[in-house]
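Just the one chain here, laid out as structure tokens, in the form predicted on its own.
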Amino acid sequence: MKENNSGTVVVIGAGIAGLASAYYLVRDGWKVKILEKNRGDNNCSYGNAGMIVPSHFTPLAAPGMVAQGIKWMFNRKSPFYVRPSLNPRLMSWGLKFLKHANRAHVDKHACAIRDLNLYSSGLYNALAAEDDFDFELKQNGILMMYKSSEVQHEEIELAHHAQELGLDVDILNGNEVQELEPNLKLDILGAVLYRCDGKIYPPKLMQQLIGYLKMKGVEFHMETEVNKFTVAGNTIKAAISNRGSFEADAFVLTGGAYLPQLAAKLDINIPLMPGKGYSFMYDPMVENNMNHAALLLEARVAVTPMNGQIRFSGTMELGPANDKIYENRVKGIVEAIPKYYPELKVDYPKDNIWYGYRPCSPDGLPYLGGLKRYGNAVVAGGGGMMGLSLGPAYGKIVSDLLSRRPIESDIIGFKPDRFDG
């Protein structure tokens, strides 16, 4: 890798992690080429809930998730589902998940996850201030809404933990939440408002990043799948694809839910399972009817006002990737909405269903950092439900690592090869 930042970097993957990496690398003076195995216009970075979530300081592998997951498996409309399979990757992932789903694991990493999300949120603010960007950033918080006393108890306990971690959090009763949302009738017990959270419109962000990068001379190679790498010692020399060879001084592996297959071509084990999620847009026919994004906690449904509409999204369906839409999962989202917003009459969206795959690590932590085995490769991914939220932090840290600068967040627990060997 060249010390003067005038070298070439190949970024593999055109999701938010790849585009954000390219953005900061270009600003550092690198020549960047992006390789994307698909068309790059409909990956998980486009259809997600669009939330910036310092509130998500608890990793997916947490106490209670195993018991809750088993309970949900018997409900075809549940928000979490593991498709039964003898797939060895799924079984290995599940065993690792079981190992990490404990309080000690959560407590050990809460501060690092919080700090990475807060860092990324600040970078979003800086990006939105640039002349070339306007992606509907709104940092007015996210409401964690609940209907039951059981979930209320759990969420208030979590809110107190968040306050101990220094996050800006308010605990509200139902009337106080209704005052924040005067245009929509609510049927809830209360909510926790994470003022530290925000939201964006993902398609605008992605399109504007692509436009900016093309203007800065970044090469995009779509439908370009990396089949193998050429390596000399501890240095990657080239990525060999179905569209030719790409030599570079450094390589960035993003790849979303396909990161394990990509890493395997370097004989690196990075366990991930694709967590399928669904979303759809709803036109409320009422201007400015929703002020805050929200999570409907019992249903695990995300609600985000964006682009003059509302995006509803949810479910976590773990298993090998496929192209099938499981209608019961989407119906579970639709049927949950009027339980919280009784005046919203949302029909099953039929031809308007989007799905994508969150890259879920078995310990619920992202993969971010350099590879021990290769001195010129950095990995950024595995953020699960935090992927979009962490995008700018991924990109800035990737650029700092390759440019040999000190990084501004603790990533020691996020080593990408922590399960390797």
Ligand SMILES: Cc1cc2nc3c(=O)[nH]c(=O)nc-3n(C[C@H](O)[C@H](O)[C@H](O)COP(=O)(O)OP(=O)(O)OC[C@H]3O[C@@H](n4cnc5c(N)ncnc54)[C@H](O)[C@@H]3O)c2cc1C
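Numbers follow the displayed sequence, beginning with 1. Treat the numbers as computed from the prediction; the structure is a model and nothing was measured.
The protein also exists as the form predicted together with the named molecule; that form is not presented, and the subsequent description refers to it.
Next item on the list: Using a 4.5 Å heavy atom cut-off, state whether W354 contacts the named molecule in the model of the complex.
Entry: Although the named molecule is absent here, W354 would touch it in the model of the complex, with heavy atoms inside 4.5 Å.
Contact with the named molecule in the model of the complex for S361, defined as at least one heavy atom pair within 4.5 Å: yes or no? Residue-level check for S361: no, no contact with the named molecule.
| message | Since only the chain is shown here, I'm wondering whether N43 would be in contact with the named molecule in the model of the complex (any heavy atom pair within 4.5 Å). | response | It does: once the named molecule is placed as it appears in the model of the complex, N43 has a heavy atom within 4.5 Å of it.
Are any of the heavy atoms in Y278 no more than 4.5 Å from a heavy atom of the named molecule in the model of the complex?
-> Y278: contacts the named molecule in the model of the complex.
Between V177, A294, A336, V226, only one gets a heavy atom within 4.5 angstroms of the named molecule in the model of the complex; which residue is that?
Here the answer is residue option V226.
Problem set entry | Among 104-112, 143-151, 322-330, 251-259, the region lying within 4.5 Å of the named molecule in the model of the complex by heavy atom distance | Within 4.5 Å of the partner lies stretch 251-259.
- May I ask whether G13, G50 and G383 each come within 4.5 Å of the named molecule in the model of the complex, counting any non-hydrogen atom? Per the other structure, all of G13, G50 and G383 touch the named molecule.
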